[in-house]
Each structure stands twice: as structure tokens, then as C-alpha cells.
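The chain below stands alone and is given in C-alpha cells; this is the form predicted alone.
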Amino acid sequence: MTLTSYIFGIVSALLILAVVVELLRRRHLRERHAIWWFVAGLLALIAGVFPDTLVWASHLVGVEVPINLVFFVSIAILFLVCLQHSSELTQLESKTRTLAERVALLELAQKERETSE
């Protein structure tokens, strides 16, 4: 690993963490959505500061090339983010449908009240 790639890895990981913290601070990102991005940033920082941990982890799980473990973990984190968003989207759709039905019933009750007067 060259010094340039070593520094690039650390700076990239710190940049990811800084962006996540700034989005949290400005309330553009909720805590529950930031968890997986924090995990990704911390793993990138650990792999950037201690590159031998990546080699150790790849040997531990039986991956021949350490960069393949990075791709696998990245895809797994993105999968978890998509799964979390799908779950929340399903809940929001259910709440929206319930609200639309309540509004329709209220409008119907209001029209019936107006016609009876």
C-alpha cells in the first residue's frame, strides 16, 4: 500500500463520517437512517488506519482477495439500507391509506350533514 492510497483511504472515511454527522446536525438525516452509514464509515476508517485488519478479516472468513471482502461488506450494508427503507415505505403507505380513508369518511359525514340541514 502506498502512502498516497493510505492517506486517501483515511481521508475518505473521515469525509464520510463528517458528512453523516453534518446531515444529522442539520436534521437532514434521522438517527435511525444514519446507523448503517456510521457503520460503513467506521469500518472504512478502521480499514484505512489499520489495513492489516482487512487482510486478517479476509483470512478469517476465507476470502482470498481482501478487496472482495470490502465489496461484499459494502453490498451487505447497501442491502440493509434498502431493506430498512422498504420497511419504512411500507409503514408509510399503510398510514397514508388509513389517513385517506379517514378523510373520505369525514367528507362523507360532512356532506350528509350539509344535505340534512
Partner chain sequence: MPAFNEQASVGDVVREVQQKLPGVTVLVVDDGSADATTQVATEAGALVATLPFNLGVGGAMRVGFRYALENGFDAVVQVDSDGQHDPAGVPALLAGLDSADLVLGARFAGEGDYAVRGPRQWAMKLLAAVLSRTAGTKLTDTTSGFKASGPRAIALFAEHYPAEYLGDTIEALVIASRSGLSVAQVPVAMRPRAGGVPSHNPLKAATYLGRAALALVFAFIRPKSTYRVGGSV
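Positions refer to the first chain, counted from 1. All figures in this text were calculated on a predicted structure; none of them were measured in a lab.
We do not show the form predicted together with the partner chain, though everything after this point is about it.
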Inset, instruction - Flag Ala18 as yes or no: does it have a non-hydrogen atom within 4.5 angstroms of any non-hydrogen atom of the partner chain in the model of the complex? - result: no
Inset, instruction - Report yes if any heavy atom of Glu114 sits within 4.5 Å of a heavy atom of the partner chain in the model of the complex; otherwise report no. - result: no
Inset, instruction - Using a 4.5 Å heavy atom cut-off, state whether Ala100 contacts the partner chain in the model of the complex. - result: yes
Inset, instruction - Find out whether any non-hydrogen atom of Val11 is located within 4.5 angstroms of the partner chain in the model of the complex, and reply yes or no. - result: no
Inset, instruction - Decide if the three candidate residues Val70, Leu80 and Gln84 all line the partner chain in the model of the complex, where lining means a heavy atom within 4.5 Å. - result: no
Inset, instruction - Given that the partner is absent here, state which listed stretch (61-69, 32-40, 88-96, 48-56) has heavy atoms within 4.5 Å of the partner chain in the model of the complex. - result: 88-96
